[in-house]
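In the form predicted on its own, a lone chain appears below as structure tokens.
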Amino acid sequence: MRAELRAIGALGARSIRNTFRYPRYLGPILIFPTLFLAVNTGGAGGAIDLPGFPEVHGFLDFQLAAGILQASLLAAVMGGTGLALDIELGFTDRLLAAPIRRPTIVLGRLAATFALGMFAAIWFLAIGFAFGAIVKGGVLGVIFVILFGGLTATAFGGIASAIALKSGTASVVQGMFPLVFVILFVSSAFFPAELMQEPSQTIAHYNPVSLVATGIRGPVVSGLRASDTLDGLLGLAIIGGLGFVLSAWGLRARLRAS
């Protein structure tokens, strides 16, 4: 077990170094969601006065969850892209010949994705605090938000890894980028589901990303509540479970191909 944990740590550290070494990997995770957060907050700040909008300290507080979700999803896509590049360059084949358990190859990449998700959450919380946002859950609420950011990136990272393992091509994984926005925009990440029109409202209610958004947003706008945390964990369980099944299927396919 110790040897496997060392292997996971080494692969995760390698992935993190590569991400920070090449700005084209880190830039989309932070810069694009930050600009989107600025545009949304500045252009739609009056939405908090709409009848039925949840009571919040400010629109920025409500939008922080959307920024963290968006960055976490992009971190997952970048992680899958990195795994696909390793497959294209033959690095994964060398790992398959190494004396380590096969799932370690994916777990090492997911460990890095988890760290990047937490880093993205810290980034957006820092921006929020700089511009007057308040986390009603206090220090413990901040910790919950950071952990949820990492877990969200990991859950979606399993799906991205499965696509990378099955296709073995970075361009296919990068094709997930438009899908990320479709998933986000038909959830309650950017706007309350109750104020959406049909069919977006119904889709948002059943979208597990809405549950994750509730888990991230709850500590910020309402404080720590068991219902929000359970909703977030349920959404992560659904997405993470799907990612686990697909990753196992993709890894078996890659082993057969190798």
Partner chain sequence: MTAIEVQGLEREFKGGVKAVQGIDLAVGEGEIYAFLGPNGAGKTTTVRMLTTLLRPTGGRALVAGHDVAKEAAAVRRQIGVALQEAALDPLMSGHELMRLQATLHGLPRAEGRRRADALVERVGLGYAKDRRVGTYSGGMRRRLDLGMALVHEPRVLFLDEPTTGLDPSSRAAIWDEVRRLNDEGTTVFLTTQYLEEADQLADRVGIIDDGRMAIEGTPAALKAQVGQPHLDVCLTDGANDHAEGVLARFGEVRPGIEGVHFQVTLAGGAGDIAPVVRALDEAGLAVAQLNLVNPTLDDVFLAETGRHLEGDQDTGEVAALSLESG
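This is a predicted model, so every value here is computed, not measured. Positions refer to the first chain, counted from 1.
We do not show the form predicted in complex with the partner chain, though everything after this point is about it.
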Task: 4.5 Å heavy atom contact, Lys136 to the partner chain in the predicted bound form - done: no
- [ ] Verify the contact flag for Trp249: yes if a non-hydrogen atom of it lies within 4.5 Å of a non-hydrogen atom of the partner chain in the predicted bound form, no if not.
- [x] no
- [ ] Although the partner chain is absent from this view, report whether Ala98 comes within 4.5 Å of it in the predicted bound form, heavy atoms only.
- [x] yes
Task: Contact test in the predicted bound form: Gly90 vs the partner chain, heavy atoms, 4.5 Å - done: yes
Open item on the list: For the three residues Ile203, His205 and Thr214, which mark the spot I'm curious about, does each lie within 4.5 Å of the partner chain in the predicted bound form through at least one heavy atom?
Closed with: no
Open item on the list: Heavy atom within 4.5 Å of the partner chain in the predicted bound form: which residues of 9-27 meet that condition, in order?
Closed with: Ala10, Leu11, Arg14, Arg17, Asn18, Arg21, Tyr22, Tyr25
